[in-house]
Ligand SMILES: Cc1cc2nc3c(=O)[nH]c(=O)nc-3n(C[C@H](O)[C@H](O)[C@H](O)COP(=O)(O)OP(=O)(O)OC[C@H]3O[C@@H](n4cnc5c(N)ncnc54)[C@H](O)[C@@H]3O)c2cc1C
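Next up: just one chain, as structure tokens, the form predicted alone.
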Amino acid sequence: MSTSLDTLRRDFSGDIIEPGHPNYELASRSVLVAGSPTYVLRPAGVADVQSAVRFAAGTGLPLSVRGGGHGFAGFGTNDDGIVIDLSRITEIEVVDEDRHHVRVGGGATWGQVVDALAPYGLSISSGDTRSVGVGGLTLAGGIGWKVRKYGLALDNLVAAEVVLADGEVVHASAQWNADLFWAIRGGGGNFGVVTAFEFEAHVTTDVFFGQITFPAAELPVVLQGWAEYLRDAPEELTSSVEFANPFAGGPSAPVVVHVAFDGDDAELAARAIDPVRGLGTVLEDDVARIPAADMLVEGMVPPPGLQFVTRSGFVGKESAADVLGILAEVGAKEGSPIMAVRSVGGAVARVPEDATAYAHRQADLMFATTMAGPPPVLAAAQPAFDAVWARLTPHVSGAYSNFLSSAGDDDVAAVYPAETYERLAEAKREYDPGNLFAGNHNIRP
């Protein structure tokens, strides 16, 4: 290792952060999970990423690749391994104004992207948080405020630059390395380090965005009515519902319906949003016309010692009523996990099921249940959490990897149905036969 480390120090123009370095404590952890890696490498460019990958492969140490570092499962750090932190590779460029093609560095965050694109009047379907990394969100899916009109973040990807396990840099698109391009759109970080993404952005206007809240007592009616309406609502409207938030009163917390209407026509927006307002007794309504970039919020940095357990699932139309009924029942009790349900459908469902490695195209809804607290509190709450999922599982299809805090075989099987997994495994054997990139919901070669 000493020889390869000497070579790295000679060739690497980025930052090499080791225990004892003034920045190690911050660099060693991802946003939600603490770690104690042996080296944190911050490449200054693609050549540095190549050097870092070759170094990691030579050491045999566990490797993590970090974009924004927001993953619940903590894939952005490890213990006694190597972290490649892409936070210095953040260049954002409109490379083709006519086709609205945008090149985004692999370490950029969505906040950086929306700020860079705002002067051009462009937007990309992304998530809902400024500090979330472009890489982690896109490689797993990307369900955000424009998803029903413009699809997932990965549906807007037209090409990528990828550093493979042997350090080679390749271009992936529909024309070049098409099997790799298929695999990275949903297959996570299993196949290499994506150092640049090229998206097809769209022209955006202002949007109508905000939240409408209802009393907790009306949760069952609001939740079912919301899902039924969103199923056939205009695709310009994307929405989510949050309830049972223990930081806002638990079972007595208001039902918060977030709405995002992609357009600046007040009459059309009202026509789309008013049926949501009519679902129950409106307590608050702050929906207003805002710039599209302002839909993304700042991410939370949890205090030390606070950990998260989150689990997600997709729901088809035929199971929606059953799942929402269980969630509403659980949410009305003390000790409920935080509940969030997001509408999908629309543009997502128009993409063929096998067009990308994201395999849950026909889902009506995606939902997540989350517990937060210090480890002893989470351990005490785990049996009740598991009992809730024992009721939900018969009605749920798959899982969304961006909302999973675990990465066991059952999780991987939920994220990737059997046919998808087999195709991903073929790509893994071709591009990462030694499974260097194993810090993820892992596809074994």
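In this text, residue numbers run from 1 along the sequence as written. It should be emphasised that the depicted structure is a prediction, and the values quoted were computed from it without experimental measurement.
Keep in mind that the form predicted together with the ligand is not shown, yet the notes after this line are about it.
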Site check 8, 37 and 50: each within 4.5 Å of the ligand in the predicted complex by heavy atom: no
Which of 165-173, 208-216, 121-129, 280-288 sits within 4.5 Å of the ligand in the predicted complex, heavy atom basis: 121-129
Contact label in the predicted complex: residue 70 to the ligand, heavy atom within 4.5 Å: yes
4.5 Å heavy atom contact, residue 407 to the ligand in the predicted complex: no
Touches the ligand in the predicted complex: residue 136 (any heavy atom, 4.5 Å): yes
Partner contact for residue 400 in the predicted complex: the ligand, 4.5 angstroms, heavy atom: yes
In the predicted complex, the residue from 32, 396, 414, 27 that sits within 4.5 Å of the ligand by heavy atoms: 32
Single option in 226, 261, 197, 243 placed near the ligand in the predicted complex, where near means a heavy atom within 4.5 Å: 197
Stretch 86-106 - residues with a heavy atom within 4.5 Å of the ligand in the predicted complex: 86, 106
